[in-house]
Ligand SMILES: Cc1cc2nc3c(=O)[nH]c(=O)nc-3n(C[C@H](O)[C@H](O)[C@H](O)COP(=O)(O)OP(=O)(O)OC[C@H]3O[C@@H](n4cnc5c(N)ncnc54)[C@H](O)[C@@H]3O)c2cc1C
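In the block that follows, a single chain appears as structure tokens, in the form predicted on its own.
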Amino acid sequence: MNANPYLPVKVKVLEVGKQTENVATLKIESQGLNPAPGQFVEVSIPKVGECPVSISDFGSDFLELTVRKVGRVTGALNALRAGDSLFVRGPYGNGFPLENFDRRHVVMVLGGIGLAPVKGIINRYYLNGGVNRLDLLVGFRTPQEIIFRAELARWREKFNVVVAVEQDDPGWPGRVGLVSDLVKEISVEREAAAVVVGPPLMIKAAAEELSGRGVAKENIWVSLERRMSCGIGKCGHCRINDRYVCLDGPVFNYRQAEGLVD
């Protein structure tokens, strides 16, 4: 990280992958940034603005950012092409404690763009192993909003992957309903761990269901990234009670987070 926490570095866009009409994945130069899974960066475009974006994957020479177009900055990011430049500062926050998942049954309950922050973790387990069992439960509002389709198909080779949509479609062959309800259909091993990322109501419903199935709240890990702004605890936008999500999170265990979820 730069000595000046506000000073970003200029990076080049290496590749752009269109996920849906409003979601794109940017593969950018890493420029020495060395994140942990679950951390985020602040991304800016001159004369447009800045916003926090979770890191969806990374390697020694690249970062991957998956961005949903919801405003001016994210719209400009979605319009970038390979060869364009942007500015990045970070990484910030706390990531997922992967050591807590080793050799355990892991349940991931993910809603929509909430799949992005854990994509790199799933790829890690797909390529290298490390968990005894992985149940990946993913929900989207409509079939048209499904992201990482190729990855979901590949992950099915090794893991139990269930994708549900809330709004049915004549051509949709899969499940219809809330992703939090899928938790009721799986067996949960003793001492299991869980990751829950998505909209606040979905986080609360899924985490409570997992807790009711015997998963300790200390072993349920959630991300509250939607509240973040400056990234370094100065603006106060992400403050909830005495916690700053950008500094103390965005990853919390549910024992810490249950009073912070809307």
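Small disclaimer: the values here were computed from a predicted structure and weren't measured. So that there is no doubt, residue numbering starts at 1 and follows the sequence shown.
Keep in mind that the form predicted together with the named molecule is not shown, yet the notes after this line are about it.
No member of the trio A194, S211 and K217 reaches the named molecule in the predicted bound form with any non-hydrogen atom inside 4.5 Å.
Screening 68-76, 173-181, 124-132, 103-111 for residues having heavy atoms within 4.5 Å of the named molecule in the predicted bound form returns a single hit, 68-76. The named molecule is not shown here, but in the predicted bound form it comes within 4.5 Å of a heavy atom of P52. The named molecule is not shown here, but in the predicted bound form it comes within 4.5 Å of a heavy atom of E225. When the named molecule is considered in the predicted bound form, V138 lies well away from it, no heavy atom lying within 4.5 Å.
When the named molecule is considered in the predicted bound form, V88 lies well away from it, no heavy atom lying within 4.5 Å. In the predicted bound form, the named molecule lies beyond 4.5 angstroms of every heavy atom of every residue of 141-156.
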